[in-house]
Structure formats: C-alpha cells, structure tokens
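Given next, in structure tokens, is a single chain: the form predicted alone.
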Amino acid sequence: MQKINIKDGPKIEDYKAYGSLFNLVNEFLETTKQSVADLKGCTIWMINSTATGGGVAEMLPSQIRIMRSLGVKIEWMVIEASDELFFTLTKRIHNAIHGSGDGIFTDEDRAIFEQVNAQNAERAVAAISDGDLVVIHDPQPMPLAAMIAKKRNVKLVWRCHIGLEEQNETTQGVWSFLSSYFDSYDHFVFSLTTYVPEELKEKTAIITPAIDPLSHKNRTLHTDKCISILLQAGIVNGREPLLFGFYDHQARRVMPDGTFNTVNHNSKLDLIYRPTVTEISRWDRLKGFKELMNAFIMMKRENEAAGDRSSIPYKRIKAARLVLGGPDPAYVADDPEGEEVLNELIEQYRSIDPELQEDIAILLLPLDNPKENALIVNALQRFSNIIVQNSIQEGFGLTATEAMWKQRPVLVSGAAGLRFQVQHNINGKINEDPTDISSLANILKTMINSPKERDKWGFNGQIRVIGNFTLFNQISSWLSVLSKIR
C-alpha cells in the first residue's frame, strides 16, 4: 500500500477568476459549508489501484486539493500488486461488469483477489484511525473493506465507476461473485442509477464523474502553446521548440509494417493543417477503436468513388486525418489487456491500403510524465475538428466531457455514460450503435462538412459541462454523501 502525495495546483481563487466559473464556485463554497463542518475530526481515505492512467487517478488529485483547501482532512492510498494473475482477474471483472466475457469466477479467482488485498491490508490499517471514512474505488481493492473493518471502527464506501444499463448473464455472474463483499460497506456510489444492482439501491448515491477545468489536460492552451507541445512531443516537426526542449519520451506512431517510429518518420501527419478526427482512450476493445477505423476508411473510399473532386466537401474528406491515441500499456499497471488490444489494432492497420495508412495515425503517448501526457492530450484535442468516443460500453466517458469543455464537437456512441452527457444535435452527435460502420461513416462525413454546426455544438458543449460536470459539482456531492453517513 502506497500513500500518494498531492502536488500543488490551482486554488479556489484561480477558478473564480474565470467568468464562466465564478458563480459556480461561489455557490459551491456556500452550499458545502455545513458538510465541511460535519466532517471535522475525521480523515477521509481514498483507496484505488493506480496513481497513473484512467479516470480515477486523474480525478482524485484535484478533488483532494480542493477539499483540503476547504479544511477537510483527506488522503489517497494505492494498493500494490506484483501478481499478474491479479490484474488479469480484475480486468475480467471490469469487462464482466460491462457485460463482456462469461461472468464465471472460481474459488481460485477469489483466493487471488483476496490474497493481494490481504498483502495491502496491514499498511492500510496502520494509517487509518477509528472514526475515519474510507472510500474504496472500483473492484480491485474491494475485499479490503472487511479487512479494515476487523481492526478499525470506520465507515466504508464503495465507489463503482463502471456499469451496464441492461443486465445479462455475464453481469449477473460478476455481481454474484462480488456480492460477498457488499455487507462490509455502509454505502455505495455509482455514476448512473441504471448501473446499480437491485440489492444495493437503498444504500446508493449517484455522483457523476467530472473534470477539473484548470488541470493540465483541460486548461486553456493558446495556438503557440499547442504547437509547442506537439513539437516537444514529436507529433509535428519542422523546427526546434522555442521555449522548452523536447520531451524525454516522445509520441510514436505505428509504421506501415507494424513497428513503431517517430510520428513523421514515414509520412507527415500534418494534423495542424488538416481536418482531424480524434479518439484518445485506453487500449480497450470496449472503446470501439476498430469500428471507428473501419468507418473512417469507408468514408474515405466512398468519397473517392462518388465525390465531386472539385467540391469543397470532397476536398475536406480527402484531407481528413484520423488519430487514434492511447497510453503505452507498460505504464498502466492495472490494464494487462492493453498491449493485446493495441496489437490487434496494429494488425488491422497493416492490412489497409498504403494511401489510407498515411491518413490514419495510431499514436502511443508516453505516460512516464503525467503532466506531459496531459498536455499532449490537451493539445491533440484542441487541434481536432471532431472528438470521437465510440465506446461499445462506457462507464461515463470523461474524454467527451473534456472535449466539450474545450468547445470541440463530439461524436459519441449510445453507451449510457456518453448518452447522459451529450445532447444529440445540440452539443454533438450520437451514433447509437458503435458497431454500425455505415452509420458512423455517414455521421463523420456530415460533421466534417458542417463547420458552422460544429462551432455551435462546441459552444453548447462547454455550457453543459459548466452546469453539470466540473469537479465542483462532484465534490459538493461527495461532501454531502460523506457527511450524512459519518
């Protein structure tokens, strides 16, 4: 078990300095006063499985920093594991909660699950005191609750960030496996009501995930800064970065033969000059990368076959680039399938025509420096005309939230968390079935050739995020829930 230090970052006054956030922050400060007072004298412990990669690790630092500024005592710990069988198991659990896999878990699986958590329990108990509040995130550390409760008189909350709206045999199997840990918890938190297992509904609160508008991934980047970041990361070239040097580890691109090299080694990506469609997520089959690539290829081929070569719509599609970005799997300890999924995408990419290969970039983004990674994602999103989240299943989908905050139009699937955020034809487009390649290709074509509509969708998207999906909405909900169960 490792305790994570939180670095300095934006303060309340920094958020209030933004006119779009001013009223939101003032309301937050007023409405949380009583909850903060009720939490005096105890420490809140956030426990999850990794300090880098994924939405939980991204959200916690900002939440903790702001809560501390209000006078709340809060700490963050991460479980440690070296057993690959543990992460293989927890990935199967993750997939099963999304309805993927067979949902069958054995006594041997339970032994692996509990053994790793038992190895972390002693340090957790040593840090936690009677009267504290412990929030355990997602399945990986779930068995810890019973182990902590044996030694400490605390309130325990399980926060599940994933789910599936319509239950099936697979989800029933995984919830049956996890149900033996339910009694150890006093309360539960899910992202959407439809994700909550029936037996937990009376003890569950709903808190939607949210973004930090001033984090490195979301803060404003002007054109010169965006280009500088892309230069430093090796995504664009042609000159030396002006103020700061190249990043130690730069982005790499899949080459036509499936190897990795510098982004512009084989052909120039030129994304700052071209209409760009981007999806950035974990390498996960549920993110719909494969289907998006197929739709982009279909759009390109149909444009060549039937487009008027003198028309602007034809030229836009002809010039368009697709960027599929994700982290180096070596840096994401709790995602053993990442490299396997990436290799599947590479094989798909190797099979397409050389001319189309030039229009598609599979980028492996370095994650050794979280700040640099966040800035790269920020710059890529800001230089994209359309941000896609084509998830087959999605717990919530903060990549869409991030894009809307940046006034980028979004194209998302009908996965529950995405459909909850995006309003069709108001702040983006929803393609209900992410596996419907023809429909996805047609919507991409429409969006690329609708620049005025894209401006409107982007503007409306930021307004929706401010009203619903910033860390202030999220922290306010957390403080209310925790103060009531203390």
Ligand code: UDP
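Here, rigid core means the biggest group of C-alpha atoms that superpose within 1.5 Å across both forms. Sequential numbering from 1, following the sequence displayed. Because the structure is a prediction, the values reported are computed rather than measured.
Although it is not shown, the form predicted in complex with the ligand is what the next lines describe.
- Checked against the ligand in the predicted bound form, the candidates 399, 278, 117, 413 yield a single residue with a heavy atom inside 4.5 Å, and that residue is 399.
- Between the options 254, 147, 189, 377, the residue in contact with the ligand in the predicted bound form by a heavy atom within 4.5 angstroms is 377.
- Residue contact check for residue 282: one or more of its heavy atoms lie within 4.5 Å of the ligand in the predicted bound form.
- At a distance threshold of 4.5 angstroms between non-hydrogen atoms, residue 338 is out of contact with the ligand in the predicted bound form.
- For residue 287, a non-hydrogen atom is located within 4.5 Å of the ligand in the predicted bound form, even though that partner is not displayed.
- In the predicted bound form, the ligand stays beyond 4.5 Å of every heavy atom belonging to residue 382.
- In plain terms, the part of the chain that comes close to the ligand in the predicted bound form, with a heavy atom within 4.5 Å, is 399-407 out of 71-79, 128-136, 342-350, 399-407.
- Every member of the trio 58, 217 and 326 reaches the ligand in the predicted bound form with some non-hydrogen atom inside 4.5 Å.
- Core-superposed comparison between this form and the one not shown: the C-alpha position of residue 95 differs by no less than 2 Å.
- With the core held fixed, residue 458 shows a CA shift below 2 Å between this form and the one not shown.
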